[in-house]
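Just one chain follows, in the form predicted alone, and it is written as structure tokens.
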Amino acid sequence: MRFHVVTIFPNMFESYFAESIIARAIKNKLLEIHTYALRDFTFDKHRRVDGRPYGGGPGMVMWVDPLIKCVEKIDKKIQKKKNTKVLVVMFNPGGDMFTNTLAKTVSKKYTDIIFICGRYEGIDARVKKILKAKEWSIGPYVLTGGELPAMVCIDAITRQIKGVLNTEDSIEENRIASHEIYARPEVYEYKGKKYKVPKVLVEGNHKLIDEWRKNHSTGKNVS
């Protein structure tokens, strides 16, 4: 799978994608992540990508032209590959809620996902219409830009790609998982009080362990 991120802050992605599981997946050629600096696609001498909204109001709106030119360049790059299927995504608090189910679906359905990271008041509505883009939301709140949502979505989708995790059992939604987990030591003492691992987890009865985990699961990680 190939991810393409359109942003005015491409450097924001370098540190996160250079570490841990995602970095290993890139090294093993299980996925590619490309960032595109939107300011490279404007002919304005100040490299501006936004302007005042029609109808008035506070803030600035990201212009159509630089975004369309950038996505066109990405699309030409993608079309050099065989059997591609492309999804274009923008972020909006009112968009479709991003879930593990959606992450799993797109990981199997698409070869390339283009994430457009908005800023300021948002993106000119014509961009969505021209590109037939989907709108996603990662939660009922407003962020300053689409960069963090793009990282969240890439992380969640990447985990669904076969071979990225060391074992398929690492995918929590494919097994009985609990939000309450423990490791050594079995008893930890702090300020005179002993904090113990639940007895069922150290006795080795896997049926009872699964029941305990089910009872201590929020269920939220499968949606």
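A residue's number is simply how far along the shown sequence it sits, counting from 1. A quick note: this is a predicted structure, and the numbers were derived from the prediction, not measured.
Below: the form predicted together with a small molecule, not depicted.
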With a 4.5 Å heavy atom cut-off to the small molecule in the predicted complex, the contacting stretch among 67-75, 120-128, 102-110, 81-89 is 120-128
| Is the small molecule in the predicted complex near all of P93, Y141 and G145, within 4.5 Å of a heavy atom of each? | yes
- Query: Just to confirm, F115 within 4.5 Å of the small molecule in the predicted complex by heavy atoms?
  - Reply: no
